[in-house]
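In the block that follows, a single chain appears as structure tokens, in the form predicted on its own.
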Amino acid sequence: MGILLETNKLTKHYGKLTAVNQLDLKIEEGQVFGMLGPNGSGKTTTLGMVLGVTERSSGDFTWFGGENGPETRKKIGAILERPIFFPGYSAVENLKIVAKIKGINTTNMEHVLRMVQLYERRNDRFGAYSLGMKQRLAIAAAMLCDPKALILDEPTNGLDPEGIAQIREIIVNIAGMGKSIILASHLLDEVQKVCSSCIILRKGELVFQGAVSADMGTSKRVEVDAPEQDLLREALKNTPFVLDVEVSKQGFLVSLEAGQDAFTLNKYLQDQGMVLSHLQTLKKSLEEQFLEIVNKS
């Protein structure tokens, strides 16, 4: 896979406010990539700059391994704001208008309407649609030109659980077609369920980039116990790759350096003559990891 998007020191100032600060970012093609961060973290501003709708203060960016400009933009489908269509027109009529504005044909219309589960309601007025249906029509409009990449900014914002599930299913299906997707959200659960990699932004600063997994944090936690707890506590404190030791219900909760795990801890303690009666790796939820990363920044 090649590079979908790369930024170099991308920065946006609004007067004295720095919305995005020297963002260096590299996203590979063929994945669902999450941009995670609280409201005001710079997600929408970043997307606006790389889509050419927000003027950058400094820095630069390229798409698809080095491309930029109007022709490149045609390869990208995007939803940055609330979907805006003519309320008195049907889905079909609105998509025809979108196609005319973009200068593309409508041969893909039936496919995208089926993709977003609106084909049966294609002749209904947009004004009669629920919020979830409106959002799905916006995705259909973004996919009308069969883009290489799809950009979604808070696609489930304001939706009920059923609407969120429908959008999530559509995202997974589009990714299954080989499309690259960048998904901006402040919802941890949303990113965890559909994204393979992500960044975390805080006040315009990049504070994390990596896989969406139990390894997002800088350390791992292992719960241990032994018959001789005083000796175990002393052994843990003298273990070079142990960052912290806390008392837990099952003995001790140990934070390990990145790259270390329960196996290496157990082996080290055995070499010191310590036999454990309890050993368990505790995985952090994405929420715990997100809060840890943001608070440390």
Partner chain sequence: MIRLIQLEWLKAKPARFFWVLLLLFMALMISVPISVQGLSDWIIKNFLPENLKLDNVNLFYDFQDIWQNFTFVFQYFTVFLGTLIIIHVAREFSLKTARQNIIDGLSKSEFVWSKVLFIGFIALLVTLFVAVLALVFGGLFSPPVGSALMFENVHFLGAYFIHLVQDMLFAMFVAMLVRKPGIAVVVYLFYAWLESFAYLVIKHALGWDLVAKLLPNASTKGLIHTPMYKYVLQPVQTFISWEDLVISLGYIGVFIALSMWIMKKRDL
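Residue numbers count along the first chain shown, from 1. The term rigid core refers to the maximal set of C-alpha atoms that superpose within 1.5 Å between the two forms. No experiment lies behind these values; they were computed from the predicted model shown.
Form predicted together with the partner chain: not shown, discussed below.
Exactly one of the stretches 154 to 162, 101 to 109, 198 to 206, 167 to 175 approaches the partner chain in the model of the complex with heavy atoms within 4.5 Å, and it is 101 to 109. Shown without its partner, this chain lists L231, L243, L51, L253 as candidates; in the model of the complex, only L51 has a non-hydrogen atom within 4.5 angstroms of the partner chain. Checking E55, E67, D271, D261 against the partner chain in the model of the complex, a heavy atom within 4.5 Å turns up for just one residue: E55.
Contact with the partner chain in the model of the complex, defined as a heavy atom within 4.5 Å, is made by none of M115, L137 and K148. Residue contact check for S41: none of its heavy atoms lie within 4.5 Å of the partner chain in the model of the complex. Contact check for H186: no non-hydrogen atom falls within 4.5 Å of the partner chain in the model of the complex.
Though the partner is left out of this view, R122 does not reach within 4.5 Å of the partner chain in the model of the complex, counting heavy atoms only. Although the partner is absent here, G127 sits far enough away that none of its heavy atoms falls within 4.5 Å of the partner chain in the model of the complex. Counting a residue when any of its non-hydrogen atoms is within 4.5 Å of the partner chain in the model of the complex, the hits in 57 to 88 run P70, R73, K74, A78, L80, E81, R82, I84, F85, F86, P87. Annotation for H186: C-alpha shift under 2 angstroms between this form and the one not shown, rigid core superposed.
Here R125 counts as shifted, since its C-alpha moves by at least 2 Å between this form and the one not shown after the core is aligned.
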